[in-house]
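There is one chain below, alone, in structure tokens, taken in the form predicted on its own.
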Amino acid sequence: MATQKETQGFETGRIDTDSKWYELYQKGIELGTWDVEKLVDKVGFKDDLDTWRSLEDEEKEQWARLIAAFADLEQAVAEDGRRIIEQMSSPYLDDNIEKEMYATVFTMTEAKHVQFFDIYINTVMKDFFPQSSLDIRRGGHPLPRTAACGMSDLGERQGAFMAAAADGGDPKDIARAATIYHLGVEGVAARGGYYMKNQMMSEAPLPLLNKGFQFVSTDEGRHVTHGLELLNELLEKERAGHPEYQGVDQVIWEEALETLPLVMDTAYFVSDAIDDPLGADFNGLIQRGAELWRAQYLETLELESYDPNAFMDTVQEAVDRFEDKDYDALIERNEEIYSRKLQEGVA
């Protein structure tokens, strides 16, 4: 569809500049081009290092648990970048060039998130990440703290469903992948992490980390919009009666419930499992998470399968399971696995 941008004084032929996906592409170009190395040079590490060195070990441990989860999950989503491009070119999504343009910017921003957290933990938090070089994709192992909580399983689940969606997946495969990636990982897990980060920053300010998080959260706000737009498109086709799209609504809700305990386990691991020395506030996070859930699945997607009772039952069952977990023992066991793989020369 040829369109004309009167304010800019130009016309297009193949590109629909009125498309929501073109708008997301443009926002990515305008807002997503922050430079990690320039940010590091501008803000510097001094204040973060001074604060980090002043913290008690249990306070450092809390930060390390939160940042480990982000470091590994950002790598997991970045590795799925090519699958996002393949998925967006699916015939079930109308072979839309604007979607594919947006996906190229999407993959760039995810790569920068990996870059930022890798630089940060190896410069500021090195004493709590003495070995952080294993590449999961090359036969490595998640960081020991990530592997001790639900975030590791969340990353594996995401990768499996993204692969299915990209490899000729049908609308239900695409819906499941988008639900876990954009709504589960970015819409709930990451936003929950931002909530805890903000709480902890008031007790232990780390200005460079905080600034990096601001850029990451801005990028991922667009990614959540991506997920909601994509799922709404699939739902509209299901509601219009197209046979290939039947079952999308139910699949979205099923995956949302599967993802929820893994996110909650990670939140508890970072907060109450270590007596919450920096005030991450697990109870406040649960309230925030419930609001995000309702906003995404009921208010925006208007899922027919949405069931608040199923949500509450899943929350309670998750709490009952993870309150008895020995996370310290799990970290220790995964540190041994991590060290063994380093000795085997996997890195």
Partner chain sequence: MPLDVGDSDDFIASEDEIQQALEEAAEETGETVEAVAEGVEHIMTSGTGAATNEGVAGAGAVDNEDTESDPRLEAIELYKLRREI
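Small disclaimer: the values here were computed from a predicted structure and weren't measured. Positions refer to the first chain, counted from 1.
Below, we turn to the form predicted together with its partner chain, even though it does not appear here.
Note on the interface: of 188-196, 86-94, 272-280, 249-257, the segment with non-hydrogen atoms within 4.5 angstroms of its partner chain in the predicted bound form is 188-196. Residue 31 is the only one of 31, 310, 49, 319 with a heavy atom lying within 4.5 Å of its partner chain in the predicted bound form. Only one of 115, 107, 132, 225 lies close to its partner chain in the predicted bound form, with a heavy atom inside 4.5 Å, and it is 225.
Within this chain, residue 35 lines the site of its partner chain in the predicted bound form, having a heavy atom no more than 4.5 Å away. In the predicted bound form, no heavy atom of residue 245 sits within 4.5 Å of its partner chain. Taking non-hydrogen atoms only, residue 123 never approaches its partner chain to within 4.5 angstroms in the predicted bound form.
Heavy atoms of residue 168 never reach within 4.5 Å of its partner chain in the predicted bound form, leaving it off the interface. Here the marked residues 78, 82 and 303 all miss its partner chain in the predicted bound form; none has a heavy atom within 4.5 angstroms.
Counting a residue when any of its non-hydrogen atoms is within 4.5 Å of its partner chain in the predicted bound form, there are no hits in 56-91.
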